[in-house]
Ligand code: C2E
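Okay, so here's just one chain, in structure tokens, the form predicted on its own.
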Amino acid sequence: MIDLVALTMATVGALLGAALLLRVRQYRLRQRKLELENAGLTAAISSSQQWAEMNEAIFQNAPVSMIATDRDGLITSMNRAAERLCGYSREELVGTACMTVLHDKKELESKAAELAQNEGGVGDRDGFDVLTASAVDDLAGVKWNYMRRDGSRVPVSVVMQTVTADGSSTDGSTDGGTDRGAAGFAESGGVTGYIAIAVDITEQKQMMARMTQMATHDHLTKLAGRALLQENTAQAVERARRYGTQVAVFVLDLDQMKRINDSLGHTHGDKVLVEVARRLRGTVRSSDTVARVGGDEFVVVMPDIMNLGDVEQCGLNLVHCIVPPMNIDGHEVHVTASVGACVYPDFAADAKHLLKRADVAMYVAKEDGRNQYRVFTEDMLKETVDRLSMEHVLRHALANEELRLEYQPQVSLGKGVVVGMEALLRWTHPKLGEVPPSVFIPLAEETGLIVSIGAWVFQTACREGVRLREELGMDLMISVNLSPRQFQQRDLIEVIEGALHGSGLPAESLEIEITETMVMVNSTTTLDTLQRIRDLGVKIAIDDFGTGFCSFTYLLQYQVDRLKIDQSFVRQAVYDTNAAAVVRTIIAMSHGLGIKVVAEGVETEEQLRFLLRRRCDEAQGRLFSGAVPASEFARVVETVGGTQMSIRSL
């Protein structure tokens, strides 16, 4: 960051040198004029007078304020810039007023007290002596407030120097061309006067304030930023340590921001964040710190908390303040938040761990259903350690060849034969053993590891699919699941194309399964990505259909090839009339739209009979086979083929 004060002082220093040299020349010209008059040299006097007038014109038109005084502080001259700066005319000050008229008395007393600590007796000086006298080095570059005639203050940067009778300054020589002293007008040696050069630094201070604001605050919400948050948290912890109080930190993460950004756009999303910031500020105390530290993540620091009951009430208040609907440019927007809290010194020994553990509690609130708060406990700490350990080993799972694919057959209920297979990811760790997909896939999704793992899944499924098609002599459909994080990656189309070209699998034999929630976001980006996948010739299927709130209108817009009815409906359909009605409706409407239906989780013949009566197209489940390695898939195909007659008999 540019040091504006240093830059200002460098400019002042250069101007000061020129100004003081000018004043020395004026002093010498006056001396020379007296000599010439005594000698009767009129022409030389005229020339000298011209030089004096020119120097005076330069002095008066200098761009910075210049005020000269005698040794007692009486103002002897000032230029036009000084008049504009302080609001006084030369007639009002020159020869009648002391320099102290331009300075606040309290400022002078404060500086006197400061100097008194550094050198004995200085504090006894009067106001002007404080500004000048022997403390020039201490006062050079001091930021003062000039008192204007109307009583207002102007922030200035002042340089003060003393000058002796022979024209030399306290720290320079008149012969060196770098004089910083002002020429005085005494007849003999010693200090003869002073000169103050001041620059109005109002704009610099305003710019510094803006730059400080930008560096420490979030530009959108005007809340504290990460750096200021850390500073305030550390200060709150230090005060709590000193006075035996508590500090509570709340990490708040919005639950629906991605959906809002995708559906309404980021401009509306930003307005939601501004409204959330307003609500948070209105919920907490003025002494609390509210910060925005990420896209949709906020932090509240509350010092001087008395007990855990206060923490729980504050957490509840933060959750509730977000719930009321927001009106964003005519759109009614509903947002909820997950809040995690941690308390110093009960569960964290310093500011760093206080923030981290509040973040852990926030993730627990999300996993427990969102729109609620959780206070950090030691049990969460153990879960965090286990989670970090799991994340560490998962990062090496792909390189260590611990991941593999298994395939579950998809059976045509009309023909009783295998027509496709779904690739399912499995992980066996040397020490952890078989890790359930429900454990490691969400972790891979959250950490972003799913991107590299997903690319490997596409390549492996296509390669092994081609080998099985050739071995069986069948046109199998290879289904691969696509996670929400993969769906967002920019090179998704290139990954799919690479897997197809590298394996030789026809594009129409690859089907990508996306979840129902992924198509709920009706955005241009979603539509464009799905269309680009279809342009490759790849099929689109919606997995776990019925568990979300997907409209059949989306199915028309996205041109879906297959729907997979969630296994929960399949299991309940044989004894629950409502579930049965849902399945019948999905099948009937899908067929009306020309979409095939696959039933998941078929485990009993009773379930199969129900699906056959409703003319479901395909099914998969343990009734036919669970997921098996590619090496065993041929055997499964033969087994299912042997049940063709029994399927038809149902």
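Quick caveat, the model's predicted, so the values are computed rather than measured. Start at 1 with the first residue shown and count on from there.
The next section is about a form of this same protein that is not shown, the form predicted together with the ligand.
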property	result
The ligand in the model of the complex reached by all of A423, P437 and Q567, non-hydrogen atom within 4.5 Å	yes
Distance check, V602 to the ligand in the model of the complex, heavy atom within 4.5 Å	yes
I441, heavy atom within 4.5 angstroms of the ligand in the model of the complex	yes
Proximity of R622 to the ligand in the model of the complex, heavy atoms at 4.5 Å	yes
Close approach of C321 to the ligand in the model of the complex, 4.5 Å, heavy atom	no
The ligand: the contacting residue among T529, T221, Q408, S509 in the model of the complex [heavy atom, 4.5 Å]	Q408
Partner-contacting position among C86, L482, L93, I540 - heavy atom within 4.5 Å of the ligand in the model of the complex	L482
Listed range touching the ligand, judged in the model of the complex by heavy atoms within 4.5 Å, from 450-458, 365-373, 489-497, 335-343	450-458
